[in-house]
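Listed next as structure tokens is one chain, alone, in the form predicted on its own.
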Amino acid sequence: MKLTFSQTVTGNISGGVLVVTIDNPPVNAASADMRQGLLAAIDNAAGSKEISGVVITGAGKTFVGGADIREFGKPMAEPVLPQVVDHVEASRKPVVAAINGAALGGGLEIALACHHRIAAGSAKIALPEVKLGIVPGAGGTQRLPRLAGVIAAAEMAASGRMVGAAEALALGIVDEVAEGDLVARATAVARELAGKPPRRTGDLAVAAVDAEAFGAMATKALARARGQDAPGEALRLVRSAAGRSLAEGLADERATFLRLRDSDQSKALRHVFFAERAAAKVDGLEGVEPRAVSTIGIVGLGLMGSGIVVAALDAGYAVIGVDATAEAARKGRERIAALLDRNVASGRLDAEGREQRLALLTISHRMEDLADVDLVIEAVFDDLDVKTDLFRRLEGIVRPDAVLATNTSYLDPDLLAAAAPHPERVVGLHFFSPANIMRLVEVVNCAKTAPDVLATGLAVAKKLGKLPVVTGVCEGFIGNSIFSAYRREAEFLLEDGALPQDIDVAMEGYGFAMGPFAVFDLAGLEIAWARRKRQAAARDPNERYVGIADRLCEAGRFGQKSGRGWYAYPDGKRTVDPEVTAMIEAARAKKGISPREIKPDEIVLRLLGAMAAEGEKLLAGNIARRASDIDLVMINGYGFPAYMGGPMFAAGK
């Protein structure tokens, strides 16, 4: 007999057990309707003599995917999630969670309030609220440490890390992992528990914690947080669970949740969340199917190419890697193997996984071996003649339906496409280094790119686990265009009176992991120098140009790799160099500039303003489709702090 408790919650009575199914696609969010339905289901069980226990599960591949973020910023409809969770835990009849898939945030909090938890082998659990600038608000910081211990619970709450079923079992978060029919097993357990006093998580004591071990974990967590408020609050709330009652802890948690929910950081992170959803929607691709891709060819096995190979292998693609000579191909294989070995050493990959990936890999120095691939990604030296020649060669080798992708950073992909007889099958896939780690891929929609080719680029990037953002064609696309404006303004600040260390300290104080000049040194100064020299003849003589970086390069100061750049690096440690200060002062004097004191607030405002102004140009030229796309690129490719929302969000665009 099917019971309907709300539009998203139904029930079925099986042998005296009410099996409650949450069905609120796409992620079974804990919406107002879902909360009302779940509360009604628990009340129904309480008042029925026929029902001896309850099982809660989700439809599809998700248990409950967290709160409905669309309700943030609006008056919360009752019952609020804490009321529902408390109601579940207070049930006199046993409530068993059948965690069929992801139980995230509020979904995990519901499961924690159940009296027994059974997970499918594929289940994933997490408290990811910190990624939205908030903390759990329905008991997560208070119930989780009662099951998993303070240190494990605090690490999960402060990082938002996902935990698989096996680890959840080892930590005591779930009571068992089902090997067969999950709901059948949960129903059987509910019958076994009927008539027995429920094991309420909130009644459990919090185990004593090793203060030193907690401190070490907290130090690492706060270092990763870099100015974000929510992780520190999550640590505090979990730690305090050991010293006070559940009621006190829940009250503090709820007050903290509400305060953070209305904070600027949370508003910025919610903007980023919705920006990622919006980026996946590309006008003109409605109903367009991507081409099938199972084998990818990658030409050029340097640092970038090898990283792309590893990303493709991780995604399950068969890969044919090609380099110009047998020796270059051999070194490429060694580089790829070393990246896989590093993943094994870090625990991200096991030995079996390494061998599975290598079994998917073919390395060659013969371009003809790419004849049957579905997609070719070129990652050769960023030179127009080199890439053009490669595309012409590929046209005579690959299948007519194969997609050709360029990884160029600055070159015009339309010029590359024009060298090919079929420019409609050319798309840009601009990866960021290291490509096996960095999440962003700019998908460049060239002038003649066919819709299904663009869709293919997006689909492949998603399968690689990347965040694809579509960009039009201009020099540097979205990211490097904005970064060039950032660099220019930073150099203007040098002439006006600031020093590299002043600018770096100001931007690191804003939330960047590294200031611009530290980044320039890390990346190396010679590539940008070569580009400036190529552009010199076409430069407007009336445009302000700062030549200090050129003087550094002429002096052999190419950054960390040479031991000297904007800073000196004795023993590898970044140090302010008086020689650089003298060069800056000389450049000012040559132009007759009287330096002035520039305070951190002005530095930040000018640099953010330069990025936003360049972003406006990209929007006006239809290079970027949305201001939020620009924010995603700068956050995921250039270190802009996510909790500040990106340069366009910060500028109110």
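Note that the structure is a prediction, hence the values are computed from the model and not measured. In this text, residue numbers run from 1 along the sequence as written.
Just so you know, the form predicted in complex with a small molecule exists too; it's not on screen, but the next bit is about it.
J.: Heavy atoms, 4.5 Å, the small molecule in the model of the complex: which of 514-522, 407-415, 68-76, 331-339 makes the cut? Say which one.
T.: Selected range: 68-76.
J.: Decide whether residue 26 counts as a contact residue for the small molecule in the model of the complex under a heavy atom distance cut-off of 4.5 Å.
T.: Residue 26 belongs to the contact set for the small molecule.
J.: State yes or no: in the model of the complex, is some non-hydrogen atom of residue 149 no more than 4.5 angstroms from a non-hydrogen atom of the small molecule?
T.: Heavy-atom contact with the small molecule at 4.5 Å: absent for residue 149.
J.: Does residue 214 reach the small molecule in the model of the complex if we count a contact as any heavy atom within 4.5 Å?
T.: Answer no; every heavy atom of residue 214 is more than 4.5 Å from the small molecule in the model of the complex.
J.: Considering only heavy atoms, tell me if residue 156 and the small molecule come within 4.5 Å of each other in the model of the complex.
T.: No.
J.: Could you work out which of 569, 274, 529, 492 is the residue within 4.5 angstroms of the small molecule in the model of the complex, going by heavy atoms?
T.: Selected option: 274.
J.: Only one of 138, 429, 190, 426 gets a heavy atom within 4.5 Å of the small molecule in the model of the complex. Which one?
T.: None of the others qualify; the residue that does is 138.
J.: Looking in the model of the complex, is the small molecule within 4.5 Å of a heavy atom from each of 477, 631 and 637?
T.: Contact check failed for every one of 477, 631 and 637.
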